[in-house]
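Below sits a lone chain in structure tokens, taken as the form predicted alone.
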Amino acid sequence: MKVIVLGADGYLGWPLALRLSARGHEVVGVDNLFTRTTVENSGSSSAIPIPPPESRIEAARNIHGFDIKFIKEDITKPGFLRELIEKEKPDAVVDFAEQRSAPYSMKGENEKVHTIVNNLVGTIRLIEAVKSVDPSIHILKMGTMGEYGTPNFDIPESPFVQAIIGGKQDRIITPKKAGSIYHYSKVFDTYIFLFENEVSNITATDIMQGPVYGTRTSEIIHESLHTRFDFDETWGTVVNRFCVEAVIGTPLTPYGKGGQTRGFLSLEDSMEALTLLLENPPKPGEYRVANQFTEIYSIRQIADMVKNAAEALGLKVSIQQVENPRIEAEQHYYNPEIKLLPSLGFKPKRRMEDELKSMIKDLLPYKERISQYSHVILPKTKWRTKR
């Protein structure tokens, strides 16, 4: 199988390129290096140093014998994706090439505009390119569980639900309640894919993935193969932030009450799930949804687990709640269903409680490096504008 991975330099894109190569698939990676550049411009960096893309490609070849092709380009550029897909004739295209940070999308007008334009133009360019070449090419689109928000009902793994409104029943799109401009860009992505599937029979898997944690996969066995590890308030996830805080000796900082609950999964399990979805594609012309997570925790539970893992390694850790900069329910019901991945044989290999020690061990050699960026950890981006 030949797979084009858009966003191949990212936290998920690079490990997926390695995993697919390990499975014997041909990989073409594309990235415009937006995340690298923007993180550096904001005064932050990956906690674990990562080589330039060309060096990682060479390392993958020397260590594993993988022959990954890499192209530096912006997928919103007119004609680029069409020419690429016509040339490479892939079986599948993975779309990770979107501005992925909720805080970034809430910083100001320019960041909001960039998020919407980049993400939606990229989506349309990809769909139109696939339609023009071969609508049966499988598009694996990275969505987010954040599209749903935290509804007071079980979140179905389905694009549609039956609803009764004003005494009348109809089939409607599964309700969404995003919590940032970024998350709304993902909602719009879903709507575009649903519409294009209806009018053009495109073939797609829409992944509603929870936050991913971890530093390693089976293929990341040398420092030259590391994927990025962001921890600042703009680009880092909560697990990353807590692990870094534990390493440099500052308090772990849950936002608000810490009752926010989400579905999480390890980097290794994310790669396994994505590979299963690619190797078991939908039928031509089918659109399917995959809710992708393995564990459900509150933010406070994660803080406690990180504290325990760090203390087991001899670190002294405290927890200090900070004001929540976001607009979100801090105590809520949360119960999404997951059916597709288990039906394909997916079985989680790693749990957060066990993986945290490995993450902290991987970060400890870079304690001094990380400490230089301690000023970028606490939240500065506020969702609500005070008048």
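Note that the coordinates shown come from a computational prediction; the quantities given were computed from them, not determined experimentally. Residue positions are given as counts along the sequence shown, with the first one as 1.
Form predicted in complex with a small molecule: not shown, discussed below.
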The small molecule contact in the predicted bound form: residue 281, any heavy atom under 4.5 Å: no
Residue 324, heavy atom within 4.5 angstroms of the small molecule in the predicted bound form: yes
Heavy atom of residue 26 within 4.5 Å of the small molecule in the predicted bound form: no
Partner proximity in the predicted bound form: residue 236 to the small molecule, non-hydrogen atom cutoff 4.5 Å: yes
Proximity to the small molecule in the predicted bound form (heavy atom, within 4.5 Å), stretch among 128 to 136, 202 to 210, 306 to 314, 85 to 93: 202 to 210
Sole residue of 353, 58, 40, 328 within 4.5 Å of the small molecule in the predicted bound form, by heavy atom: 328
Partner-contacting position among 288, 262, 107, 226 - heavy atom within 4.5 Å of the small molecule in the predicted bound form: 262
